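Okay, so here's just one chain, in structure tokens, the form predicted alone.
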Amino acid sequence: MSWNRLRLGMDGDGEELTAQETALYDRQIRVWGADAQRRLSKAHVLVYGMKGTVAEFCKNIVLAGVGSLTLVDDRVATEEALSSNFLIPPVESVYGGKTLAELCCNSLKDFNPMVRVSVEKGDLSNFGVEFFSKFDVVVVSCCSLSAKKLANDKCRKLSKRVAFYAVECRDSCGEVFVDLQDYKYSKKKQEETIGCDLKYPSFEDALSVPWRTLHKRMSKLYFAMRVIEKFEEAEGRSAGEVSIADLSAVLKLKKDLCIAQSLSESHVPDALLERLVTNATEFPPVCAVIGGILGQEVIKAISGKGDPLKNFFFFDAFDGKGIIEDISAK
């Protein structure tokens, strides 16, 4: 049995694709093969936090033919959410009083009836380790720094490997974090197939790497996102609950963190922080970019096709650049 057949703890000797699946996914089977499509069709994905970026991701993997998708977001839909989440029907009589997960679930079912899309209620921090064992991939957003760390830690306690992703999008900037733990895969190099092994740090371990040890050209967005996360955590705010009124306090925290981390303040531009706190809502085109990258990475992890991202991805629409940073303890 090859490494690829052990991907994400799924049994490589499971059922073959049905004739209906083969016909529906014919084009992508030609790209990544029937075995990769079969693994995708047997994978179970959990998503927490239905914001615009995550909606784009969900659309992508549902169209690709993931086995099942479970959505968790008990927040009631508001008119503000319509600006970036295209899965919410733009009619108040339809979305009024319903949760974001319920509305998105109904819309996603229409994209691909062969994918099982369901809703689970609850708070991310309250789900036990066994809850996460039902899934092969966990994607979290719209939650506190501590909640992300806790969810990642629970995934790592399982006997099987669960791929963990944390994604955030603020204004015209976005970030994806990836933890595939000890990830083995194979790829072709010239005429031979070689085995590859990547070791990923947890979210907490990655964030614990001292700033002064990072390379000088490290993405400024990495530092800016950490400052705002720390501010929200210190103030007891929900993710994205910042405004221009908080700018002076955020800038003060930046200065304190830079001193503590022995990092020049020039690495965290005031103008960037101002953008992130002035408009914490998502810019729809950036949602499409980040959601597309996230969907691509999850499909890679499930299918075993292609080199996976390790371990942060940053995108800023101001310069149009996507940057991959490997932030791991040396």
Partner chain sequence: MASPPFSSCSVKDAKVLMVGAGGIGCELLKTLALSGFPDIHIIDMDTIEVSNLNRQFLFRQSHVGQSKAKVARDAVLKFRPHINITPYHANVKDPEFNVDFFKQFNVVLNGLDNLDARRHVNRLCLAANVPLVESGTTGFLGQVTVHVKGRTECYECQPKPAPKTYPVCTITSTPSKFVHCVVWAKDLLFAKLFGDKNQENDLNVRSSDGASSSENVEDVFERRKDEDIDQYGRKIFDHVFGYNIELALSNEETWKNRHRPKPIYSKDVLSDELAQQNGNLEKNNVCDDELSVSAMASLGMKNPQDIWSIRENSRIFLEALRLFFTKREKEIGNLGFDKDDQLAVEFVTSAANIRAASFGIPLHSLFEAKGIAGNIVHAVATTNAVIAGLIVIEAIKVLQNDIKNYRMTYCLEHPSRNMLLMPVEPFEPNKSCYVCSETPLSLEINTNRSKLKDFVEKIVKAKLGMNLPLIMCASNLLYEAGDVEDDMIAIYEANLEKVLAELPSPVTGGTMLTVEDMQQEFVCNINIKHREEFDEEKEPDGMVLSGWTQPVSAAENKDKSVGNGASPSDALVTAVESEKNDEITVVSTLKKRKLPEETDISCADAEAKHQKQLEVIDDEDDLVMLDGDLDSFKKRKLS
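The model shown is predicted, which means the values in this text are computed figures rather than measured ones. Numbering follows the first chain given and starts at 1.
This next part talks about the form predicted together with the partner chain, which is not shown.
In the predicted bound form, none of the heavy atoms of G67 sits within 4.5 Å of a heavy atom of the partner chain.
A residue is said to contact a partner when one of its heavy atoms sits within 4.5 Å of a partner heavy atom; P269 fails this definition for the partner chain in the predicted bound form, lying far away. Remark: V289 counts among the residues lining the partner chain in the predicted bound form, judged by a heavy atom distance of 4.5 Å or less. Contact check for K42: no non-hydrogen atom falls within 4.5 Å of the partner chain in the predicted bound form. Residue heavy atoms within 4.5 Å of the partner chain in the predicted bound form occur in exactly one stretch of 132-140, 158-166, 223-231, 110-118, and that stretch is 110-118. Scanning K252, R217, K199, R212 against the partner chain in the predicted bound form with a 4.5 Å heavy atom cut-off leaves one residue, R217. Scanning 24-42 for heavy atoms within 4.5 Å of the partner chain in the predicted bound form gives L24, Y25, D26, R27, Q28, I29, R30, V31, W32, A34 in sequence order.
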